[in-house]
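The chain below stands alone, shown as structure tokens; this is the form predicted alone.
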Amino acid sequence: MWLWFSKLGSPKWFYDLSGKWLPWLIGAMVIFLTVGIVWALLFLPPDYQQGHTSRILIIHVAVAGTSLVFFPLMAVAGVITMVWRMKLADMVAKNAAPIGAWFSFLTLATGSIWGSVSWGTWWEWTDARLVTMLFQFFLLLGVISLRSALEDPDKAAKACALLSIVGLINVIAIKYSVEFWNTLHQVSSSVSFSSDSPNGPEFLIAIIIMLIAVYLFLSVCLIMATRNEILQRERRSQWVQNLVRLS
């Protein structure tokens, strides 16, 4: 296990291995995205209350659920960077922040579109989940700005790791906001495997397919961004120069 962990810390090892993963991940992502979108648009029956508006929940729930993984990922990567000085972990943390900001923005945008029809309002400041998700978006922008503002890479990595831990606490607040406070969001989860779920099996299957597709999309984006970061940071190393000459 420790041998694998030490290999994972090698940018070259990760670059070579991820190059073999990417075609399979991209292929699986395209398949799941296509099936999920076609299922949601053509085969998902309209909700008896929301009508065709419920279709946007397929994307919203998947993106919202995925957006919650960024701060835990960044916090873990930050701790690994501080404790073991693993360069690859810092690269992952750095590139996860802008991707997470886009996911948080899409969560807010799709939720507002759905809320404008279902709730009759685009935004509600008294809704705890909306506010905490907006706070996550600003925290991610803060991580990006903080890393850009600090010239010392080590200080930037430590500062962003500490801010990521704050973001991790906010993720817990997002998750349990509907239970701690009275909000417009429903208390029960939109995805339920119980027999008395308010949504039919067609909705559940579409959510699962889209959730897998979005996680695959996240993986592809993060791997590609990290590979570019590796080439940038290791540009003076012999293996990168050999790679450039071969290409």
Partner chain sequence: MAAEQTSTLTAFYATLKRDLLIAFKRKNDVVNPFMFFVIVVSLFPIGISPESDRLSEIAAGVIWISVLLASMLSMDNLYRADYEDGSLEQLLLSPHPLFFMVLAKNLSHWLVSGLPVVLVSPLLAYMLNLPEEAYTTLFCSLLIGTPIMSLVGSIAVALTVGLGSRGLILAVITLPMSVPVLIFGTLSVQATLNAASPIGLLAIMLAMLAVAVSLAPLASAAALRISVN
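Positions refer to the first chain, counted from 1. Here the structure is a predicted model, which is why all the values come from computation and not from measurement.
Just so you know, the form predicted in complex with the partner chain exists too; it's not on screen, but the next bit is about it.
Heavy atoms within 4.5 Å of the partner chain in the predicted bound form belong, among the stretches 72 to 80, 108 to 116, 91 to 99, 155 to 163, to residues of 155 to 163. Contact annotation: Ala173 falls within 4.5 Å of the partner chain in the predicted bound form, judged by heavy atom distances. Although the partner is absent from this view, Leu146 contacts the partner chain in the predicted bound form, with a non-hydrogen atom inside 4.5 angstroms. In the predicted bound form, the partner chain sits beyond 4.5 Å of every heavy atom of Met133. A residue is said to contact a partner when one of its heavy atoms sits within 4.5 Å of a partner heavy atom; Phe138 meets this definition for the partner chain in the predicted bound form.
For the options Cys221, Ile56, Val178, Ile26, the one in contact with the partner chain in the predicted bound form, meaning a heavy atom within 4.5 Å, is Val178. The pair Asn170 and Ser67 is looser in the predicted bound form: their Cα-Cα distance rises by no less than 3 Å compared with this form.
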